[in-house]
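Listed next as structure tokens is one chain, alone, in the form predicted on its own.
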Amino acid sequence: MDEIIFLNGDYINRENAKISIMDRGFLFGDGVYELIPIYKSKPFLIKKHLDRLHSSMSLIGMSDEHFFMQDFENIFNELIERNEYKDHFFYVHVTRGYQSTRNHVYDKKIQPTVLIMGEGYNIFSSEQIKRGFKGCTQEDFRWTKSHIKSISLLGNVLLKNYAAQQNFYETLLLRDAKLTEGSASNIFISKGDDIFTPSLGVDLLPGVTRDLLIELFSAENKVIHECDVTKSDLQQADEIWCTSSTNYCVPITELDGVKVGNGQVGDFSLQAYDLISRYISTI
């Protein structure tokens, strides 16, 4: 079956999709994006994801007068029906658009390029989660506006591949000896009865799954401290786990070759996985 995507108002075969070489996304990485999970053929937390997309667009001065007039729910449902998506995710990609000349200064009147396409992925099984994963740390050398979900992802690509080349799941990023996030995830740690995650700011993305987990833990009368998490805190943590839209809880049981806590997946990590799994089962 030929996969259908949405590009600038049209539903077309993925293999036939084309943009101009003069698109500012191609020339400058000038744009933003969003990932929206699909569970049981239903987009997950659409409003929160689109609110984040709207925020990213606003932060780079991109108008939404053309983009947000579109009926996203209808577009998503049309793509789900045509492609028979079940457990996938939508990739929403918005560039500033076509400009006839290559110029750092953008024309405020150009219309954005809008791409929406589906991707398949495999969520880690509960057995994999219980075994745990390995991670590493690296200096966070990305730009200092990481709260924008920018399509300019070279830094993240290099850092994620650094982990992959050494058979690690994730690279945890440190700036001024403080944890920011993972190369493609938000990070939580626990120490004793307390859970911590870096507070939001320009150094990290405001994760939708991150926020959901905080809400779910709060409903269980557990407090998550949003605060600075230092390199020393990481090294002394009982548990570390990653959250993202594509894998919502991934425990890290070894970091930089050293066991995290006792080297086993801990109770908080398992509870985080179960809480989100149960939430998803209700949609």
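Numbers follow the displayed sequence, beginning with 1. Quick caveat: nothing in here was measured; it's all calculated off a predicted structure.
Below, we refer to the form predicted together with a small molecule, which is not included among the displayed structures.
Of the residues given (T95, T171, S185, T197), S185 alone sits with a heavy atom within 4.5 Å of the small molecule in the predicted complex. For the options I189, V208, L179, L159, the one in contact with the small molecule in the predicted complex, meaning a heavy atom within 4.5 Å, is V208.
In the predicted complex, the small molecule stays beyond 4.5 Å of every heavy atom belonging to H88. Although the partner is absent here, S218 sits far enough away that none of its heavy atoms falls within 4.5 Å of the small molecule in the predicted complex. Under a 4.5 angstroms non-hydrogen atom cutoff, the small molecule in the predicted complex lacks F44 among its neighbouring residues.
The small molecule is not drawn, but in the predicted complex it has a heavy atom within 4.5 Å of T243. Proximity to the small molecule in the predicted complex, taken as heavy atoms within 4.5 Å, picks out 141-149 from the listed stretches 141-149, 105-113, 75-83, 126-134.
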